[in-house]
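Only one chain is included here, represented as structure tokens and corresponding to the form predicted alone.
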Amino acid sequence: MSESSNPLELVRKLLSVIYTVLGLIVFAGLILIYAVYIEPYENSDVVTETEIVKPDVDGLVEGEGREVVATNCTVCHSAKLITQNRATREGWQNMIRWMQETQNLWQLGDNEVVILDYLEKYYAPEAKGRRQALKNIEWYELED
């Protein structure tokens, strides 16, 4: 029986090829991990938290206090939660107190006046309220 037709020898050669291919796959994976996750940060300066976390200012009206509002308010919720609401200064202050009492909002210190000034100026109640009731409409029966 020749060496090439020996079943054990064929299995050894096949396993050798499989191990080589697996080794190459693992090696390629390690190179990929290095290239994507390690190398970009290896030679960079230290990134501070303020560079990573950018305040969400989408939709907030441009004006004095906007950045203070974005920095303090959008840590916990989207700016859209602000822009879709309207309240008096007292109403906004009540919301802040509620968030402090129930949602663990920190004490705002001097920023509270800036935030309330901004919200009172740009997100005060609007006089128009809800749309008028629909009139003169022909309704039709829905079939089951």
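Sequential numbering from 1, following the sequence displayed. Predicted model, so just to flag it, every value in this text is computed and none were measured.
Only in words, not in the display: the form predicted in complex with a small molecule, which the text now covers.
In the predicted bound form, at least one heavy atom of Met99 sits within 4.5 Å of the small molecule.
Remark: Arg89 does not count among the residues lining the small molecule in the predicted bound form, judged by a heavy atom distance of 4.5 Å or less. Val61 falls outside the set of residues with a heavy atom inside 4.5 Å of the small molecule in the predicted bound form. In the predicted bound form, at least one heavy atom of Leu105 sits within 4.5 Å of the small molecule.
Not one of Asn94, Val114 and Lys121 is positioned with any heavy atom within 4.5 Å of the small molecule in the predicted bound form.
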